[in-house]
Ligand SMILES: C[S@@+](CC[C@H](N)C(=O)[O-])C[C@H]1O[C@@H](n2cnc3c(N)ncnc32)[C@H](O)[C@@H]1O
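Just the one chain here, laid out as structure tokens, in the form predicted on its own.
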Amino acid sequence: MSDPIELDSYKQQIADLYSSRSSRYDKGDWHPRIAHRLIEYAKIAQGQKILDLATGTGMVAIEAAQFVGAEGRVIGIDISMGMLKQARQKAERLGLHNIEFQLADAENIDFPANTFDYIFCSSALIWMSDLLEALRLWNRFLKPDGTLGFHAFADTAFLGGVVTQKILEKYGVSLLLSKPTGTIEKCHALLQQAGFDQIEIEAEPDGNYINLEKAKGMWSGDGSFPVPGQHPHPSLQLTPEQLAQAKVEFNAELEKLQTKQGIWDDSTIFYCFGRKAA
């Protein structure tokens, strides 16, 4: 077991959220599918050394460990003890001995410079407190010509967040969510500013129709859950009456989006890669 780590209140909220979800996180095919695609795009080779940031239940780390073989090494880190427990159990069941999981904050880690062939961050980049500084930190740990790969999501992705953003803007509240990485151009600029070159970004449309009841459950404006990249939750500046009215408007906006098939919940993904300059 890893030693406990000190987290600020924002990161502790995230850790608690994901620990509460850990036992059911692997259910469904979406997270495993996009983790697998990230590995597919990366073209990992045997013998390489891999760092998987915000590893969660180890989806990327475990698949990477199977690619790099006995001569390779994979380290997966996460701030959620619940998620790491699931990851360790999965690796143990598979008999993997070239992988370890550590309790650590991806923005507060210290590895020797020029250590890793690949660094991954699957589905978690938007949770970083400072995206640019995080990318610069990770760049330092890569070997020359080493590669960083991460998921980002279009600014149209995740219906609940997009509609919540739209409604709260009327009340003077701005939610970032996927805005900082919401276009290919923004992802490219971030990687470039952080010192990466040979940047490649693959966009894959994704999503599905959901029913109105499920959509209404996606309201994220009441501050009960952390919001990516912002702490405290910006909506807390509103009065309870304003928040109640905003939620009514949220539900009304969703009703406008209803079709015979349901409501489209977009989840367009950007698979982003940048190489550390030699």
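If you're wondering where the values come from, they're calculated on a predicted model, not measured in any experiment. Start at 1 with the first residue shown and count on from there.
One more form of this protein, predicted together with this ligand, exists but is not displayed; see below.
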Full three-residue contact with this ligand in the predicted complex, heavy atom 4.5 Å, for Phe158, Ser178 and Phe270: no
Testing 220-228, 238-246, 66-74, 53-61 against this ligand in the predicted complex with a 4.5 Å heavy atom criterion leaves exactly one stretch, namely 53-61
Should Lys49 be classed as touching this ligand in the predicted complex when contacts are defined as heavy atoms within 4.5 Å? no
Should His31 be counted as a contact of this ligand in the predicted complex, where contact means heavy atoms within 4.5 Å? yes
Verify the contact flag for Ser123: yes if a non-hydrogen atom of it lies within 4.5 Å of a non-hydrogen atom of this ligand in the predicted complex, no if not. yes
Although this ligand is absent from this view, report whether Ile119 comes within 4.5 Å of it in the predicted complex, heavy atoms only. no
Students should find that, of Ile79, Ala154, Ala87, Leu142, the residue having a non-hydrogen atom no more than 4.5 angstroms from this ligand in the predicted complex is Ile79
Could you tell me which one of Met128, Val163, Cys187, Ile99 places a heavy atom within 4.5 Å of this ligand in the predicted complex? Met128
Sequence-ordered residues of 6-23 touching this ligand in the predicted complex, heavy atom within 4.5 Å: Lys11, Ile14, Tyr18
